[in-house]
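Coming up is one lone chain in structure tokens, specifically the form predicted alone.
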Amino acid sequence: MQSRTPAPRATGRPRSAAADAAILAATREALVELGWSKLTLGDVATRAGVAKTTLYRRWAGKNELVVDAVAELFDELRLPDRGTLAADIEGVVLQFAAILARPEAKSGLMAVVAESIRDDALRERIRESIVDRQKRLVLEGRARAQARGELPPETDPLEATRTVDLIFDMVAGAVVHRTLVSAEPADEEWVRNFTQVLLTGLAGTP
């Protein structure tokens, strides 16, 4: 029986969480002040107080850096426990709309989505860093509603995954279109009506 040779350990300096946080915060600051087109890695490095080489070791370019800076904003989303599935959905959708209203989120997200049309690797990074990470909210909300008896348990894992994907697409698509494309407010009244349609379908709306 042959023994396996251990994989070589990574060399070099470990990444600094503080430096990463400073870089992502500086990126969002630059997005607000300069906009997407004028933002450069050099300016971000200066704002963050790090060497340019520190950025280049972590991010291949501006696109990837902005995706991670925006993704950190969406990681702030929390699913509130308001007692019912409808109220929980309304709470998280209002948070989502508030983040999208922030200039750094708005300009950053629109820019990288536009760039991803011709960049498959960037599209995959957006999916992994933003979309897949935020599907946790759907999973959490569904599990909580099932525990309350508001939703039945799933029996088919594949169908459950498809349902999570569909719910996320419906919520994210509607809110992004409302706030960034139509440039209309996703206020409490709109969120309440949207949640009613989401939960009851068109046949259940007045």
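Residue positions are given as counts along the sequence shown, with the first one as 1. Everything numeric here is computed off the predicted structure, so don't read it as measured data.
Here the subject shifts to the form predicted together with a further copy of the same chain, a form of this protein not shown in this document.
Chemist: Is Glu90 part of the interface with a further copy of the same chain in the model of the complex - any heavy atom within 4.5 Å?
Modeler: Contact check for Glu90: no, nothing within 4.5 Å of a further copy of the same chain in the model of the complex.
Chemist: With the partner left out of view, is Ser107 within 4.5 angstroms of a further copy of the same chain in the model of the complex by any non-hydrogen atom?
Modeler: Taking the distances in the model of the complex, the answer for Ser107 is yes, it comes within 4.5 Å of a further copy of the same chain.
Chemist: Is there a heavy atom of Ala183 no more than 4.5 Å from a heavy atom of a further copy of the same chain in the model of the complex?
Modeler: Answer yes; at least one heavy atom of Ala183 falls within 4.5 Å of a further copy of the same chain in the model of the complex.
Chemist: Test of understanding: in the model of the complex, would Trp59 fall inside 4.5 Å of a further copy of the same chain by heavy atoms?
Modeler: Trp59: no, not in contact with a further copy of the same chain in the model of the complex.
Chemist: Suppose contact means a heavy atom within 4.5 Å; in the model of the complex, does that hold for all of Arg118, Glu189 and Gly201 with a further copy of the same chain?
Modeler: Yes, each of Arg118, Glu189 and Gly201 comes within 4.5 Å of a further copy of the same chain in the model of the complex.
Chemist: Just one of Ala51, Ala160, Ala143, Met170 has a heavy atom within 4.5 angstroms of a further copy of the same chain in the model of the complex, so which one?
Modeler: Exactly one residue meets the criterion: Met170.
Chemist: Within 4.5 Å of a further copy of the same chain in the model of the complex, counting any non-hydrogen atom, which residues from 121-150 show up?
Modeler: Contacts from 121-150: Arg123, Arg127, Val131.
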